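Before any questions on binding or motion, here is one chain by itself as structure tokens, the form predicted alone.
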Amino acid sequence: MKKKADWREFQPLIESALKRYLPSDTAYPSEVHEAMRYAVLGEGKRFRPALVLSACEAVGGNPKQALLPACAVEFVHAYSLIHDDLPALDNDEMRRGKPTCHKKFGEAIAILAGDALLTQAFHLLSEAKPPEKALHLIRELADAAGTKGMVGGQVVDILLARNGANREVDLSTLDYISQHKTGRLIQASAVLGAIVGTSSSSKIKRIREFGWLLGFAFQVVDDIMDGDGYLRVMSSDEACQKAESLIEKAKQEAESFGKKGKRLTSVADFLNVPVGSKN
């Protein structure tokens, strides 16, 4: 029986590329480079970079040619986790079974390591060929990471939490947070892979829709597992139905790519895994 295509098969390729594109921990100033590598390497499913490669494959491209944007996305994700863990935000002491970056290296170095990872992500994208494609990649990731995406969603989430957990929240606000704080980087991961793999605007559009649905579903599942978020405005059954509907629609988009979209389907199926193993 032929082995089912699975996005996890890309993990060794991604891990090798991440090590290659990160600064050496012995390069001066070593403290910040060590912190960058500490935050990125080690435990992690590499969900977002694997999505980049899977989307590239789905549109007919060579996944290995999408390693630059795959690493760029993971650097942005790692930077966001470093900053989220800081006392000013979530004030977490553990991440992926080890002390958070600021607990290991101090707050100042952690902040700078996050800044450096964000900068390194765009440096990587600038090396893509041809230059017109590099510009497209840079714009896509910038929109997803900034106030139109991840940062904007984080700000709304902070403002909501500032007034206490008991504050009444409406569904449209929760949708905004989900689609921006979490969803936009996941969507961009898929779109970056498609940009590398094809010049077809129609294929990129379909991948963009897939990524939007997947990113949205990811946060709904996360809320269900955490017992928060959407469970403040709907029952667990209703939230599960919302997630299942989004995942099913994402899988339909993946299936429109035929055999080449099999790995995208496996990415969507991953959302049924307990959220604690996703990061």
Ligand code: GRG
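Note that residue numbering follows the sequence shown and begins at 1. Treat the numbers as computed from the prediction; the structure is a model and nothing was measured.
The form predicted together with the named molecule exists for this protein as well; it is not shown, and the discussion that follows is about that form.
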Query - Check all three, S80, K181 and Q219, heavy atom within 4.5 Å of the named molecule in the predicted bound form - result: yes
Requested in this report: Could you tell me which stretch in 65-73, 52-60, 37-45, 241-249 has residues with non-hydrogen atoms within 4.5 Å of the named molecule in the predicted bound form?
Outcome: 37-45
Query raised in the report: Taking heavy atoms and a 4.5 Å cut-off, does E209 contact the named molecule in the predicted bound form?
Result: no
Query raised in the report: Would Q154 sit within 4.5 Å of the named molecule in the predicted bound form, counting heavy atoms only?
Result: yes
Query raised in the report: Does K98 reach the named molecule in the predicted bound form, with heavy atoms at most 4.5 Å apart?
Result: no
Query raised in the report: Using heavy atoms and a 4.5 Å limit, would one call M150 a contact residue for the named molecule in the predicted bound form?
Result: yes
Requested in this report: Quick one: from D84, D175, D115, E107, grab the residue that has a heavy atom within 4.5 Å of the named molecule in the predicted bound form.
Outcome: D84
